[in-house]
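Only one chain is shown below, in structure tokens, and it's the form predicted on its own.
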Amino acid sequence: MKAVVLVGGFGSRLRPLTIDVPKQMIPVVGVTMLERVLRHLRSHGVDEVVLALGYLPDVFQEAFPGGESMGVKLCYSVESEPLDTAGAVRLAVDTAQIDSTFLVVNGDILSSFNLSNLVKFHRKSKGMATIALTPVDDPSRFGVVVSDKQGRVHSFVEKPSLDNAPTNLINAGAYVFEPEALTSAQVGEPISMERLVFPELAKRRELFALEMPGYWIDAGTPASLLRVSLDILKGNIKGSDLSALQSATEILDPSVSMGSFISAEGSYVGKGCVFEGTVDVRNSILEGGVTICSGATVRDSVILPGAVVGEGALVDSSIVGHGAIVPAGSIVVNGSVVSRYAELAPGCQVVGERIPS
């Protein structure tokens, strides 16, 4: 089965981590966000994926020079200008010559959904498209999808008030399509799935929806990226597709250089990390090549590849970008985000801020 993965966005919500890298190429506990999506698709019978590219397409192509990842064959559909969601999928269908039922997923959505069940429901309903739905506590932040007992979609309600919301089920960013569902759109024409294609299919009674149980998160913000990383680390997600690459008891890679004393309670430590002297790392993710200097403390945080946390520095509940330097005596706390390759001032205090490079 084939699938289209939408990875063309600019990653604006994750700035400054995405200034020169697509968000789907950010590592999430030892493996990129995209590779986690591909592994999930492969486990449900997908053997070929079309990456719908827009922002920095060369990064993806250079990362997978063999045209394969996680046991899935890759091909590339590159937008010359932004085409919106349906336009991107239409171009991908044309590029890969998809002529049978296929999946579409957003590349920044991580879930444990049983996509095989979604495909089965779609084929049984005999519609043109099927939307995966997930419940949320506060539907007023989203657009909700209203469907009947058979799953046929009747309407969409954008950001209803909490008291008047007809349902708490929202579009989960995973779909099953028949190729014919998009033939009315011209290749290369910007067109929105949510504002045009889905309402038109619903009007023709050819759009269905299915509530999907399981873990779901939009990992496209710093807060949600930190949350899913820690959820994976702690084993809070049921399902092998979103499991850590190693158990919490096997936290230290053999290549890690260890100082005089290390506390790395419940943490993930990637290859090539260096701990200098006495450090305290708890419930955190250290991606490859990170250096933690003597006296530093890292708690409930993500430190991306090549970053340095200086002597006596504190990083708590925050994200430090690729190659960034948190100098001696500095404090980075309360959901702060330090940009790729940023170098903070010695002894600075960053509290709930996004620091550009």
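In this text, residue numbers run from 1 along the sequence as written. On a predicted model such as this, the values are computed, not experimentally measured, just so you know.
Beyond the structure shown, there is the form predicted in complex with a small molecule, which is absent from this document and is the topic of what follows.
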Heavy atom contact within 4.5 Å of the small molecule in the predicted complex, the stretch among 204-212, 107-115, 150-158, 269-277:
107-115
Every residue of Ile232, Asn236 and Val281 near the small molecule in the predicted complex, heavy atom within 4.5 Å:
no
Though the small molecule is not shown, can you say which of Leu53, Cys293, Val46, Val29 has a heavy atom within 4.5 Å of it in the predicted complex?
Leu53
Though only this chain appears here, would Pro82 touch the small molecule in the predicted complex if you measure heavy atom gaps against 4.5 Å?
yes
Heavy atom to heavy atom, is Ala3 within 4.5 Å of the small molecule in the predicted complex?
no
Wondering, does Asn334 line up within 4.5 Å of the small molecule in the predicted complex on heavy atoms?
no
In the predicted complex, does Gly11 come within 4.5 Å of the small molecule, counting heavy atoms only?
yes
